[in-house]
Structure formats: structure tokens, C-alpha cells
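Below, in C-alpha cells: the form predicted on its own, a single chain.
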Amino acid sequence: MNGLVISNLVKHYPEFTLQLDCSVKEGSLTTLLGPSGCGKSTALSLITGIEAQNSGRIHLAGRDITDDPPWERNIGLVFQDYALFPNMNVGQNIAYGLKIRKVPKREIARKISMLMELMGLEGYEKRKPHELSGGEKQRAALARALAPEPDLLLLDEPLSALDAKLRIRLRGEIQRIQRELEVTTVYVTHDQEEALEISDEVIVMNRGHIEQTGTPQEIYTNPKTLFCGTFIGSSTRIPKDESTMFFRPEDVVLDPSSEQEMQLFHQAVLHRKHYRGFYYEYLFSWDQVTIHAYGDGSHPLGTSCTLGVPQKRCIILRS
């Protein structure tokens, strides 16, 4: 495999142990998703060689890079704060890594021109970082990381400092650029919506280990652990002995006409509803459990009704 392969990687810390065993396909965009403190950024430090693992191996583009120093791993990294050199203009920032590699001036100029166009930054070559908006800084940092044609691009919460509307627009641009260049990419985020939208695959992390790996659709519709199910999206969890019944709000049918192959919840009472724009989120009380459902808002609070969930959409997870 010519992408990234992490084999039995272990790093011990006083507070927890990080354990990783996963792979990233060549040319894909894979997200490391999980809450703060789960080990996502630590994983990037091990991949880049900034920190050394206690055991395990890392292969990138068909070669073992486990013992290589960071500058020999050919990895591009975009930080949360972008870390652009403040004394250099945009063009000089992009050219920095190429000059270190002693790339000819004509090739550097071509690369800068190509990346400025790709990032939508034409005419910004002479601007200093303080003259750029947050979105422009993000794109300039991305161009600098891509200039040396890395075997792997790592993005560490690259949109966390931006406002909501700009984050939505720029994650689409990151996806477009990644698809166009076909660079193998690992994207770190705690934002579930972000991960589901842009990823080819998602690696869900929790407390230093991997909970599940799969496509966004697999992670959302068929979680393998209770953590995955509850961390991503809205859901209902109903304890059953030593397990938990799990289903999504969109799977709930209000007053189903047919009881065939349905898990039924009789006399559920609507105690709260939230307007979400083109739909309402309903919260029903049933046997001391809150059941989440979607509707058109026509049901008044206090309504008692039967809720049904197709049996095939009721997932049993270990508690």
C-alpha cells in the first residue's frame, strides 16, 4: 500500500496510552475524529516524527519512515494557527520549503503561480500575513504545505479559529483542492458534521484508541460501539440488560400504520420540540427515556402517541 500504514503504534503517557493500528489509502482524505484529549494531535506528532513512539512502525508511500527525522519524511503540516512566517509575504511563505530543497528559481515561480491560482489567492503574493483574512491565511498555509509535493498532508483542526459560515465554505475548498491534487490527507477535527461531509473515511478515536473506522455512511448508520453512536449526531439510547438499543431520529415513525417488523413505543408524550429550519426535532418521554424524532411541528406539546422504529434500524450495542 502506497498510502499511510500505522502498525501497532504505542505511546505511553502518565495520563493515558495511545494505541494506533490503521491505514490511510493513497490519494484519500481520512479524518481523525474525536473529542478533545482523545489523542488526535498526539497521533499527528508521532506521524511527523515530532515525538517518538514506544513501539510500532509507520510506513508512508511504500517506505518505512519510523526512524526518519521529521525533515526527511516528506510530510506537509497545517497547524490550527497556520504558523505563517510574519516577516515574509505570501509568495515567500510558499517558496520557503522549496528553497530549502534547492529547487530552481524558475520552478519555484511556477509552483507559486499554480498554487496561488488553485487557492484563489491571485494577486496576493506580496501581502504579509497580517494583511490577510482568516480564510486567506488558511489557504496560504495550505499552499505552503503543498508546495514541496508531500507524500502526506496533515491538517490539525485547520478551521477551528474561523466563524461558522467561513468554516463551511473553506472545508468545501479543502475537499476540492485535495481531490484535484490527489494528495493523501489526514484531517484532524472534533467537528462531526465536518468529518461526515468531507471524508472518504473516518477514524473515530476515544481515550487514546480507535473505536471504529469506516466511511461516513458506515460510521453514522452502523456504529459499532456506544461511543461512536452517541458522539456523532442525535440518537436515542434505551438500556436493555447489559446492552443498549440505539436508533436515529430519522428512523422514528409517528403513529405507524403497520405494526409489522416495528419496535413500538406506546403512549410516548411530546414534552419538547426545537425548530431546526425546515423541520422540528421532537423529544418524547417514554418510560423514563427521551426518544428523539423529527416532524413538521404540527404536534402540540403534551401529545401522546405511538412511536415505531423499523426493527432493522434498531441497533444493539454493548454498554
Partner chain sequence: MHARRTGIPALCFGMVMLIPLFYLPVGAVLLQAFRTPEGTWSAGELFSRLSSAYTWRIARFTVTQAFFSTLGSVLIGLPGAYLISHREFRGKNLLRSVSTIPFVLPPILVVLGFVIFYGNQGFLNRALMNLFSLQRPPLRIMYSFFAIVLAHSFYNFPIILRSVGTRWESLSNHYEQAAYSLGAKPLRVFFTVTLPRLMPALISSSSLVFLFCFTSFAVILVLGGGPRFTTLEVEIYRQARTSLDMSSASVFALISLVFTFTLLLFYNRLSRTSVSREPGGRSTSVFRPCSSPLSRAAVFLYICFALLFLLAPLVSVMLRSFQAQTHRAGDVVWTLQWYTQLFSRTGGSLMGAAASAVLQSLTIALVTSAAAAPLALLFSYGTARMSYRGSSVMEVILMLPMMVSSIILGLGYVLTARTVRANPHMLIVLAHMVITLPFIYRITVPAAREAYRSYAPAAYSLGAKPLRTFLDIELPLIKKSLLTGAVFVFALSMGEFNAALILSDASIQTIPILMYRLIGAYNFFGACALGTILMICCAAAFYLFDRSSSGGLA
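Keep in mind it's a predicted model, so treat the numbers as computed, not measured. Numbering follows the first chain given and starts at 1.
Note that the form predicted in complex with the partner chain isn't included here; everything after this is about it.
Picking from 263-271, 26-34, 280-288, 45-53 the stretch near the partner chain in the model of the complex, with a 4.5 Å limit on heavy atoms, gives 45-53. M88 is the sole member of M88, L226, L170, M116 with a non-hydrogen atom lying within 4.5 angstroms of the partner chain in the model of the complex. Here is the short version: of F246, Y96, Y124, Y220, the single residue with a heavy atom within 4.5 Å of the partner chain in the model of the complex is Y96. Annotated contacts: T230, Y275 and H299 are all free of the partner chain in the model of the complex [non-hydrogen atom within 4.5 angstroms]. Residue contact with the partner chain in the model of the complex: L181 places no heavy atom within 4.5 Å of it.
Residue contact check for R110: none of its heavy atoms lie within 4.5 Å of the partner chain in the model of the complex. At the 4.5 Å threshold, heavy atoms of R101 reach the partner chain in the model of the complex.
Although the partner is absent from this view, T66 contacts the partner chain in the model of the complex, with a non-hydrogen atom inside 4.5 angstroms.
Along 67-81, residues D67, D68, P69, P70, W71, E72, R73, I75, L77, F79, D81 each place a heavy atom within 4.5 Å of the partner chain in the model of the complex.
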